[in-house]
Structure formats: C-alpha cells, structure tokens
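Taken one at a time, structure 1 and structure 2 that follow are two forms of one protein chain, written as structure tokens.
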Structure 1
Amino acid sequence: MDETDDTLMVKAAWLYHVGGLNQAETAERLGLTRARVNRLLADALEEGVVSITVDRQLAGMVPVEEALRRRFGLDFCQATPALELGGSDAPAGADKTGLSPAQKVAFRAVGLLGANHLRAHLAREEPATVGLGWGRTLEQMTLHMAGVSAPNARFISLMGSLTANSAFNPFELVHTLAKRTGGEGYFLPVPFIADTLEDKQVLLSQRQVAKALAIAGTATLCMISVGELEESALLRRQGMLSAADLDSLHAAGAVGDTNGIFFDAHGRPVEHPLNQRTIAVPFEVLRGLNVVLMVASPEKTRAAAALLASGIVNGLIIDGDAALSLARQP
C-alpha cells in the first residue's frame, strides 16, 4: 500500500504542479476529495517528492561569497540572499522561541542550503560518515532532509549530550537524520560537560565512547555551527551555563563556542576549566576533517569570524545579512 500511496502522491503533484490543474480539478480527475488532494500535495512537499528551488545565482551574493571564500581560505562559501533589513524598520518582536521573524527565515534558509550540501555529499560519498554539531541551524537542516535515502551513511555527534531534551540537542539531531535517511546514528552517550576532570577520564574510557570518537575521526564531512557567548546564547538559555560561567569565560578571552568548545578571537580554545571538562571532538581532530560551518544570524558575526580564523573550517554556509556583515569587518 505504501507503493500506491506514493504513486497517488506523484500523480496528484503532477496534475497540480505540471498539469496546471487546481486542487478541485485534480481531485475530480483522480476520484478523490479535494481535502485529500490538499493533504497529498502538502505531504509531497514535505517528503521531498516535490521540491521548490530558487536560483541563488541571481541574488547578487556571488561577489560576497567569493570574497569570504578567499579571505578565509575556504573550499566554498554559499550565502542566502541578503535582505538588508536595515535593522530598524523590521518587526523585532520575539516570540516564545526568542526568535524574531527575520531570524526564523535565516535559520530556515541556511538550514535548506545545509541540507542541499549534505544531500549532495551523501550522494557523492558512499559510504558517508557525517559528524554533527548541534543547534537550531542544524535542526532546521534535518527538517529539509526528507526523502533522502542513504542506508550506508553514518551520522555521529561531535559532542556529548545536553541535559535539556530539546529538538535540537545532539541526540535528537543524529537520531532524526539517521531515521530519515535510513542510515545509522551514533552519539556520545555522556554529558556534554563532565563534572570533574576525573569524571571526564572515566567517561572517555567507556568502550562506546571510545568507539564513537574513533568513528568521528574518520568523518567524511562535519557540519557544525557556532554560538556567540552572550546572555542570549542558546547554551545559557538552556541552562548549560551559569551567569558566573559566562563571566569567567569572558575573562579567559572566549568569544564563542562550537560543539561546546570555547575559543577566543583568533579561534583558539581558551584555557578554562570548562573547556577541559568538555567532552567533544577536539579542534586538532577537526582540523584534519572536512568541516562545514553553518551560520544563520548576523548576531554571530564575531564568533563566526573567530572560528573561521582558526583554520579548521573548510566550507561556509551563511545567512546573507551575516555574510555582508562579515565581509564588512576589517
């Protein structure tokens, strides 16, 4: 029956999108209810049977992309179209997720480009092993990965787990991707920050953990994001960091984090107790891997610039406004 369902979906999508019929006509043609056709069409879009592509070439971002690519020695740089919101007249209202409408669009857009990149990688590299960070950008990426089959792919978290069980924690992320693509998911079954250095040693010595870290070291692609280190940072919001932690990290020169590793303005991990207790794939390992950074909001420009300066990043997928802001920096 799954076969029939898919076929029906394609037929409806075909009549509607290609044939130019409306939903009522499509329904009549297929002997279905209009409501059902409506649902079929929504599902078709959802599952990737129907896909909508916007030509990025015409968005005028190519020069900016090229500038960033050269400046940071990247293999590639993709920017979403800039919307030049000026920042003043845009509705700044933040809802319960703490995101303004503008930010929401940015997350979706960068997530989509990231998904396209990942999809292409999965198609090219067989079998692929993909290391993953965490965050809202990465989560958005998973939402656009429907309908992609990669049974031999392996997805592995590059860091330990958060306690808060939100939809974008490392566990959920890896799990979702594995499920959607039919691949295998691995994650580090340990907290993201150990309580003490001794605890960290114990946790790292676990067979499962060692195995996962070994796999992460062979990743054919790593997709990570970056966090800025402010009160509004997700880590702070999720309660992973206290206000005191934040202050002491600032004092140590930290400007941002990736995978829970805090780094300074030059992208070097800072000397700090938290950093030493963090359980994640270290920078030295990432440096040898194919790392793609996703940046979805202009607020993260400083942290992104710092991470890019570290030299561990090979590819950049970035929101258009953030790209402009980054390109304007000295």
Structure 2
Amino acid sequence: MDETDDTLMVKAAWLYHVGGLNQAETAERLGLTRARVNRLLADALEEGVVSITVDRQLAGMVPVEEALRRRFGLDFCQATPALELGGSDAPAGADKTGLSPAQKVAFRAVGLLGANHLRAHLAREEPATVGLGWGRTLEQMTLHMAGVSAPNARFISLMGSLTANSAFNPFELVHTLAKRTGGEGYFLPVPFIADTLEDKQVLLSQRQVAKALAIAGTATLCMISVGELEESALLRRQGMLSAADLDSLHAAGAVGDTNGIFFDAHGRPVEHPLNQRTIAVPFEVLRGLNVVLMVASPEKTRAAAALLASGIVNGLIIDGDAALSLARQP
C-alpha cells in the first residue's frame, strides 16, 4: 500500500527527531531518497507537525524584556534571541511573500513563542475565547498549534475579511485554529473596510455581525499584530490600500495599523475616511481585554512603539532584533 505524504512526513519526523537517526539512515529505513527525506522534514516544521522549544532564558534577553515591560506598563514581554540577521534584504532576497530570509526567521520565531503562549492559555482558561487579528505573524503561530486539543475553545476574528485568497486572512486563521484544536470558529462575515458609511451601518445591523462582535467583546485573550504604513506593507501588497490611500493616511498622521485601524505616533486612531469605514473591534473595547501584540522584524519597530503607547496592549511577544531596536527608541 502506498503511504500518503502526511504519513511519510510523520514517520520521517519520528525517526529523525525522536529516533536519533540522521537523514541518510532515515531515508534508508523508509526506502526514500535523502532529498525526499530532507523535504519531508522541512514540511514537518513548516506545517507545525514538529515543534522546537528553545530555552529563551539563556539568550541574554531578560534585561531587554524587563525594560520594555516596565516602559510600556506590560504584564509580560517575551523576546526571541537577537540573531543579528539584519533587516530586510529585499528585493533581491525576498520571495513572492515579500519576506527576506532574515524576516522569515523572525516571523517563524515569534510565531513559535505566540503558539506557546496560546497553548498555555487554552490549557488554563476554561472555556477560552480567543480573538484574532490577521497577518503573517499570526499565520506562523497557527502552524505551531498541531496536537492541541481544546474542544471548548472559541476563536473569533477581530475584524472583517481582507481578500478571499489570502492565507493571512482572519477567516483562514480562525478556521485553522478551530480545526487544529477541535474548537469552534466564529467570523465577522463582512469586508474589513466597507465601501461607504451607509454600507457599514447596514452590515453592522446584521444579526450575525452583532453576534460575532458580542463574542469578541468577551474574549479571554486577543492575539494581534501590527503593520507599518510603507510601500512594502502587507495591506499595500495585497491591494487593500492604494498609493493615494497611503499618502492620505500619512498626511493624517498615521504610522501603522492593527486589525485595519490606522493610528498615529501616540497610538490614537487617526481621523480618516478609511477608519470611519473599518469594521473591527474598536480600541475602546480592546482596552478592556487581554491583548497580546506579536511583532516580527525591526521594520515594524516604529509602528509597534506607537501601538504600545496606546495602552491597549497587555503583553508583547517580539523577535530579539526588533526588541533591541525598540529599546533604543527614545
């Protein structure tokens, strides 16, 4: 009987990581080429079948974590090691996702720490209701959530949908976590920016939308990320913002966004037509919830500092290079 790729991936992972065989021995045991085994092991990490834990306490980041915790009045701050991989080496080093190799490491590392935090919350909070933003950092978190059982957990998007084909869409993140944990998934079945103010009011009046927003307002944990307002920003790359939108947001004082809400250097939502049409859990509601911000790559430092100044964030999970950059900010 031919084995599926998933079965082979799990067997290769067990033989290599648990059995202690090297890649050549694993290939021989499974009757595969070494190149195939290498690919299966890479897929096992990418899909979260294998999780790697590193003792971050030995990385020398505790003083930086504590300084950031005190500075922004946080309950906790966790940082990955500072790997000194540099910033973006795009465009030459970037792939179709727009991430350089250095940025990919940062996103995966922060995703792993985020998954560990979410696992712990699901284990101690019964039942848990988890609100989710969107983006590549949170997508990486979902990839490290294999093997978690939380049938009583609820996962809810904190904003409307972006594009139908985006892997970073909040709908996809909610669906993935609900599937992996056996929990329930709830969505805001609306676009994250309505075409007009009138359209927004009509959408908000729908019972399913009101129900989803009510569930989000009871979240025991919210996991969000932050976006920078540059030409390379994911919203711009996804075609959700035009060049004219970017210019007008800058003119309004915006430096970043979270959940589609654009904010200034003090973390205050800016006066702008896009913010008026955004369908998302507002800052005033998030302020009363347990909100954890995930930050990957130093390019997001300015936007992260502004959002942290807003007072809506309770915990910070950040890559080491970005943490050092943030600590140096005045």
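Here the rigid core means the biggest group of C-alpha atoms that line up within 1.5 Å when the two forms are laid on top of each other. Each residue is numbered by where it sits in the sequence of structure 1, with counting from 1. Bear in mind the structure is a predicted one, so any value in this text is a computation, not a measurement.
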item: Form selected (criterion: the form predicted together with the DNA); value: 1
item: Shift of residue 23 between the two structures at or above 2 Å (CA, core fit); value: yes
item: Residue 322: Cα shift of 2 Å or greater between the two structures (core-aligned); value: no
item: Yes/no, residue 313 Cα shift of 2 Å or more between the two structures with rigid core fixed; value: no
item: Core-referenced Cα shift (Å), residue 13, between the two structures; value: 7.8
